[in-house]
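Only one chain comes next, encoded as structure tokens, the form predicted alone.
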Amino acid sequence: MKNQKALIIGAGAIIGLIAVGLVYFGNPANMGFCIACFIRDTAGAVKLHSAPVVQYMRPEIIGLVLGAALMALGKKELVARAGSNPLVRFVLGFFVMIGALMFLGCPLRMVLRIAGGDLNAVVGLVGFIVGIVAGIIALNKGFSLDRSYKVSKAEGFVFPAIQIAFLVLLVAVPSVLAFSVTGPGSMKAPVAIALVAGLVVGAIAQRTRFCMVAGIRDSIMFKDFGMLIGFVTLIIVAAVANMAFGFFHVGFEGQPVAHMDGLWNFLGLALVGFGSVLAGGCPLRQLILSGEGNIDSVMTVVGMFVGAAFCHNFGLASSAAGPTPNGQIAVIIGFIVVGLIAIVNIAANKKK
């Protein structure tokens, strides 16, 4: 147990340092890693949406999946599984992305924004905790998705293989992809650095089961603070590194790729927390599980890809100017849909 806690603390420190390093090498400020933002950028790169400022095949996403897959192979933990309510997981992933793009970041970017001094992210953190508590209430009342089953091992390699194909396109055939020339999509670390960073963090996250949701959920449900300590370590180390590089700026105003609408920052991450608990992990954890061969997590990730495209095709995503009316409606619908998923599942499990 002590060794595991030490691993988690070390993971938090390394991820925090790497995230700030990626900003130093060119990624947007407070966005060394953001699963939601990078999935959105990748969706734009393959032309699922046409928002010109957020289109880039992010090597970090490729690296995260491949790093997790390689670590899982080495530990003999790459086991292909499927069959646990894949459509429900798709819908949960879809609405988690809508919540994340209302806030302008996933839970990982939330802590990186806090480490950069962005007080809007503290408001988001409160919402994230409230959403997780809502998910815990559902779990305590009997919410549980169906168990998954082993499938052909070849299926476990499909999602990592797709990432390899994406890497080939990025390196060898970039002309088929869309690339931003302005905005966050144009800000990027060199491909090799971003890929290696993703590989390292993917391997670490697979080894430690690192998850933004688990840190808070387990602290509340089981009084297990191990993952939460890793969470806090990440913030502290990233904050110190930001100060060293001059990236640390405390306040609400003028924060990079952020808006100051507290209510919708709160609600956006509350939806992310609620949906992530029901899906069994934060967006980072879903990517890592996908690399391990979990096809159900792949469906959650696919839901996030489609959600990102939907947000930018229909004007749901926030910007530095604030949330859009369409985005506000989508978040409200998200709470209704995710709440109904919880209620129907709990009722069905009670009948069983």
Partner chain sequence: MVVDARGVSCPQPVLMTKNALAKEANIEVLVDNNTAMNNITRFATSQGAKVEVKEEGEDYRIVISK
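Being a predicted model, the structure only gives us computed values, none of them experimental. Residue numbers count along the first chain shown, from 1.
The same protein also has a form predicted together with its partner chain, omitted here; what follows describes it.
Colleague: Considering only heavy atoms, tell me if R81 and its partner chain come within 4.5 Å of each other in the predicted complex.
Modeller: Output for R81 is yes: heavy atoms within 4.5 Å of its partner chain.
Colleague: Is there a heavy atom of K188 no more than 4.5 Å from a heavy atom of its partner chain in the predicted complex?
Modeller: Contact with its partner chain, no.
Colleague: Whether E77 contacts its partner chain in the predicted complex should be assessed with a 4.5 Å heavy atom distance threshold; does it?
Modeller: Close contact exists here: in the predicted complex, E77 approaches its partner chain to within 4.5 Å, heavy atoms only.
Colleague: I'd like to know if S148 sits close to its partner chain in the predicted complex, meaning any non-hydrogen atom pair within 4.5 angstroms.
Modeller: Although its partner chain is absent here, S148 would touch it in the predicted complex, with heavy atoms inside 4.5 Å.
Colleague: Thinking of its partner chain in the predicted complex, which stretch from 96 to 104, 138 to 146, 260 to 268, 166 to 174 has heavy atoms inside 4.5 Å of it?
Modeller: Among the candidates, contact is made by 138 to 146.
Colleague: P256, P86, G280, G183: which sits within 4.5 Å of its partner chain in the predicted complex by any heavy atom?
Modeller: Checked against the cut-off, the match is G280.
Colleague: Which residues, if any, of 193 to 212 lie within 4.5 Å of its partner chain in the predicted complex when only heavy atoms count?
Modeller: Contacting residue: only R209.
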